[in-house]
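Given as structure tokens, the chain that follows is alone and in the form predicted on its own.
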């Protein structure tokens, strides 16, 4: 908005995401009301999980799906006239920006993408704004839980947002020194990666334990079959889905399941008792509390930089792009590429760091 106001460009806000776009729900944006917007968390434009392409889920073939997507995208592109706008800056994650990309691809709509998701799971940018604020919040929460865990000699399982990408859990888990970190990209063995690690830790003298767990973390098929008493493969397959067809993994309550399974393990209880440690496991779900509070300085500045870059693209009539952070520079990437999903690469150093932290921290007590 700063660049728009300086360039005498009128801005309009579309309320409730694609719902407001489809239903023509807008408000005028005045610079005097929002010149300090970067200091605030959340969105005053509201949001929704409206999927304009929901009909595609009923298509019987890929050909039918593609044809239907083209029809919907072209109809959406025509709404620019009803909304009385010349260009659209779409702010969101892969679902939101995927819709925007289809509008550009099929309807030649004047669209720019801006990466905004706390999951940090967009392929075109190193980091999305909002991610580091959420990492800090989750890290602080686990730091605070350590006080209770230490005092009561407890195992705490902290469930962190992340449907199928574990960046939030990985970064906040490493930052806070979590003892076990479970993410969707690397299916875990409950026996090898949880039970055996806890046994080794308690033998080494550790009296409390913090497990950071993505809401989308899941056990391997073998572990699910051999190690679990309270859920089965069918439990996961039968989860309801959101408007974009994604399974609602938060409904699984994986932290609660892990807590129940741990408390059922008599062999683990015996190991704790033999080492004079209290055996009690609790689960904590951070959920939408991770979206709370004010953004940190990094995200405030990143949001401003991305907004400036997006407005420059509009002024240059350079559409079909997504603004992105690459290293320390703001770059423009094709929206079709930038809006794709990104996941933790098992070969990245973050994964090696996680494994080393888990391995060395109980071994260090044995020296």
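Positions refer to the first chain, counted from 1. Values in this document were obtained by computation on a predicted structure and should not be read as measured data.
Separately, the form predicted together with a small molecule exists; it is not shown, and the next lines address it.
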The small molecule contact in the predicted complex: residue 115, any heavy atom under 4.5 Å:
no
When the contact criterion is heavy atoms within 4.5 Å, does residue 161 count as touching the small molecule in the predicted complex?
yes
Even though the small molecule is not shown here, does residue 49 get within 4.5 Å of it in the predicted complex, heavy atoms only?
yes
How about residue 179 - does it come within 4.5 Å of the small molecule in the predicted complex, if we only consider non-hydrogen atoms?
no
Have a look at 271, 119, 283, 227 for me and say which one sits with a heavy atom within 4.5 Å of the small molecule in the predicted complex.
119
In the predicted complex, the residue from 241, 82, 222, 288 with a non-hydrogen atom within 4.5 Å of the small molecule is 288
Could you tell me which of 123-131, 197-205, 98-106, 161-169 sits within 4.5 Å of the small molecule in the predicted complex, going by non-hydrogen atoms?
161-169
